[in-house]
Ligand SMILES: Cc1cc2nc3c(=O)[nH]c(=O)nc-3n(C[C@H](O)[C@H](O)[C@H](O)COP(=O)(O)OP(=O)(O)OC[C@H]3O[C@@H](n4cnc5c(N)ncnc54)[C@H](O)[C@@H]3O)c2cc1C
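First comes one chain, alone, set out as structure tokens in the form predicted on its own.
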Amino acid sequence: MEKLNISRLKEIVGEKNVKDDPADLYIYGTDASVHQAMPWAVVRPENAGQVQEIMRYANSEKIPVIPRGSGSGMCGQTVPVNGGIILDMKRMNKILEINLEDVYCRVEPGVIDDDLNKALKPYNVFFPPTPASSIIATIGGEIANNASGVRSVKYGAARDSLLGVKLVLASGDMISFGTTTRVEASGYQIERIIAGSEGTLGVIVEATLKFVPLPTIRCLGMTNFNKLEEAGDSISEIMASGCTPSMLELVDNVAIKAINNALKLNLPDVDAILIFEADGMVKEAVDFEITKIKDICETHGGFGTELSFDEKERERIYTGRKKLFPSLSKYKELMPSTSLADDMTVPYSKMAETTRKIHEIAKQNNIIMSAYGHCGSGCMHTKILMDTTKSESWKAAEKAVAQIYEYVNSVGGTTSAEHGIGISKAPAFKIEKAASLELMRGIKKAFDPNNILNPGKLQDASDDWLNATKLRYTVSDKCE
């Protein structure tokens, strides 16, 4: 801290764009995760040139720099475990180009997902990743975490829409990776490594993204199941049948109860609900897809199916799933929802078994866990509901997280589908990627020899997530 020259930072970006008041630092020291740690300063650059100057200064003094968008990450990606400078990229929010002829756009990293899609809508195209936080999520953050969302089953994650990036390295040098073409066969496609790198390799200052036609027709459906296994069998058959749903979502009984408590929707008290969607440009094609999905569900015990092409009806059907995350804290009084082991991916055939396993592990550890998610992508979201004021709850959660990821690894799953690794999931990530950790460290060193870019994350994160930082909760005694 003593080597940080606040005056130098103010010279680069202007006095009003440097924050070092303790209240500001506290706010910027956390995200949507359970973690909190204080940065030394918050700096808000306006252009790539300022980012270069900041990085040259920080690199010369070996000061950590943590790039940050809106702070909607759920795993502690932007929490400054070693202090340093939080680089708030939201002022760099220009849409630089919309090229309809070559089907791409160029944007600065602080552009909000929803704002980009509002700008694209008049041209009847859209940027496919649809994270639940799209109203605040920045494009830079989505790329850094390889974000996706409910339509990832058909349209993929951020990496799948990324054509190129302009990156400022730790040294302050700026370099571009990628192309504006759809195929690129030569050399290492480094832009694809940047997606999912969580700010550890460079600062994204521009991105080239492809967009796709906005579907003119969408049909949404919802089916109930009395047995999780029936829903699981439906998922496997749908995805193996040649169908290409634009959405396929699983909601378990814990989530159903929470939604009903919070929103009074009177959803049926069943074991599971599947929500599915087909989209396209031709009604006959959408009819074919949605009917096939419905028939598969009903063959496996699905009942009470609702279908609608009407936009308002689709919104009504989808309301519970859309507001599921905030609803979970209403499942039971004094048991808020926490994001810990929250977006693992498993094979389709293991979705129902994984849901059962999550509930079994929760019961063993005297906590409550939901299981829901983008089952068409194999993504299972969990949230741990517990009394966050008690250290024994956190220790139970720590044990449950380890058990869940041990199971996920045993069935060929992976640690994160879309929320990234950050701090919370680092131990499981390091176990899963054990064979490649040294190679990742070598890549990190090539990009960032002084290890100043978001240090202490990914392959270098702590094996003890519970004590790696302060918890963003009041705990009655220390979690030891």
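This one's a predicted model, so the numbers in the text were calculated from it and none came from an experiment. Numbers for residues come from their place in the sequence shown, where the first is 1.
Not pictured, yet referred to below: the form predicted in complex with the named molecule.
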Looking at the partner-bound form in the predicted complex, is Phe325 within 4.5 Å of the named molecule by any heavy atom? yes
Would Ala32 sit within 4.5 Å of the named molecule in the predicted complex, counting heavy atoms only? yes
Although the partner isn't part of this model, could you tell me whether Lys425 comes within 4.5 Å of the named molecule in the predicted complex, counting any heavy atom of the residue? no
When the contact criterion is heavy atoms within 4.5 Å, does Ala132 count as touching the named molecule in the predicted complex? yes
Based on heavy atom distances of at most 4.5 Å to the named molecule in the predicted complex, which listed stretch, 141-149, 349-357, 234-242, 266-274, is the contact stretch? 141-149
The one residue among Ala207, Ile259, Ala397, Ala137 placing a heavy atom within 4.5 Å of the named molecule in the predicted complex is Ala137
To verify the annotation, which of these, Cys105, Val203, Ala362, Leu248, has a non-hydrogen atom within 4.5 Å of the named molecule in the predicted complex? Val203
For the stretch 416-441, which residues lie within 4.5 Å of the named molecule in the predicted complex by non-hydrogen atom distance? Glu418, His419
